[in-house]
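In structure tokens, the next block holds one chain alone, the form predicted alone.
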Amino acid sequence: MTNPAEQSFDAIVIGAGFGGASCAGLLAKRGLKVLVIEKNARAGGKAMSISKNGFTCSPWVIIGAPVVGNLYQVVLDELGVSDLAKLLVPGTQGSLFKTSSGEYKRLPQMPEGVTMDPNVLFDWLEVPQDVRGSTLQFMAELTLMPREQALKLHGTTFDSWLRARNIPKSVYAFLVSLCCDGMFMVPVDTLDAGEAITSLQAMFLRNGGVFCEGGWGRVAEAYCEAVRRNGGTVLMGERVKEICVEDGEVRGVVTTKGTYRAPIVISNAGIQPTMLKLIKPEHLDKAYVSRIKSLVPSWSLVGYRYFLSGPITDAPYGVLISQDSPWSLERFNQAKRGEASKEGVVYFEIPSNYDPVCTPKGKHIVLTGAFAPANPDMSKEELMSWVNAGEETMFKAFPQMEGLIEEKDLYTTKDVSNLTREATVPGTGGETIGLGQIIGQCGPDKPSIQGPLRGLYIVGADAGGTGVGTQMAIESGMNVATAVKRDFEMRRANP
């Protein structure tokens, strides 16, 4: 077999996360000679599948949305690899609300295909009778707002939009903690309202809660297999050290094992690592570099993978919320300084309740996640204060859980950073999603998929997509594939 380092390619994709893998698969299917280079042993980036002692799952809580018309399946079908990744839709969830009495009460379940009676939801959230009518009107406004109206809200925070409607505190917590915090991983008073509303509409109208058998990494692995089936090359366990640039154009990449040539380079390594680490500074405008440095990544999740001897609930996933769980920027900074409680929203996922192949018989696995700073270098003391706050909340909601633990694996911001994007700006690297979906970084202000050098593209959560993490990355992959295919054809027409 010819050494790939001695070949030329039409396009090189750095990173096999959901954005990079979907883009590479689509380009290979559409006739380009594609090379994918991934530093890890498996595809999937932050959503790769991991295995341990007979357990197979995603490394932390990853809940896909929407269910109907999801892009995971759209790309699997287009690439002809649907047989390699089986999507699962449990149809129920198990979120719990901390009532005024301090009890964690589960969201009532409705029969499949039956829309929840708003009064059932309002009972759960302890909404007073005298404001239920106005609250219902608000929910209708949110759900049915025309897209063009929602997009006009770019530049407004979701917090300010919600507060102007004077909704009950528990409904505010439901929308922010149960829906938005985990979807976007930024404090609500920084979250872009246009981004929040369009994403919530997709979830409300097309449902949320889709997973993949064997962990989400199976989807990215299937996309990479499509690259191979269409004549491309996928190199795992190889790290890109530099993007080669000549005369203002990319020419290929240098890795730990060789040099690969291509007129188009697509980076799924994150816009900050790409521009601040993989490209030498003399090739970039100083004002552009300053802009890249100023971009704000999302916050982080930290928590455990718990291996249990018995079940704690039949729920496949859920969120633990209270009236006080939403994170504002001020409350987060106070908690970070030790001036306020770190108790907030906690996400949990139980793959053993929806995936028949993920655990040994009779065993259970629970993944948890709670908010934390994205800094991979915070002290052990600070890290554990965030982790412990999440664990304490989980044990309050499921008091039987602690006695069922056979083993638990801690995951931290450093683990996230090492697995995916390395820190290039102080305090970053452990972010859960990528760039934060905050005002000034969404809609018309979102970074372009087209880089500042000819032939350079950015793919993934940082550019070219909207919505929930992995879904956003795939949308970016589809959009970048379209743009690169057009670029490729233009180059052939005008060599």
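Since this is a predicted model, take the numbers as computed values, not measurements. Residues carry their position along the shown sequence, with the first being 1.
Not on display, but discussed next: the form predicted in complex with a small molecule.
Only one segment in the set 149-157, 323-331, 232-240, 196-204 has any non-hydrogen atom within 4.5 angstroms of the small molecule in the model of the complex, and it is 232-240. Using a 4.5 angstroms limit between non-hydrogen atoms, residue 464 is distant from the small molecule in the model of the complex.
In the model of the complex, at least one heavy atom of residue 46 sits within 4.5 Å of the small molecule.
Though the partner is left out of this view, residue 17 does reach within 4.5 Å of the small molecule in the model of the complex, counting heavy atoms only. When contacts are judged by a 4.5 Å heavy atom cut-off, residue 296 does not count as touching the small molecule in the model of the complex. Each of 37, 301 and 460 comes within 4.5 Å of the small molecule in the model of the complex, counting any heavy atom. Residue-level contacts in the model of the complex: of 57, 442, 62, 32, one residue has a heavy atom within 4.5 Å of the small molecule, and it is 62. For the options 95, 359, 420, 135, the one in contact with the small molecule in the model of the complex, meaning a heavy atom within 4.5 Å, is 420.
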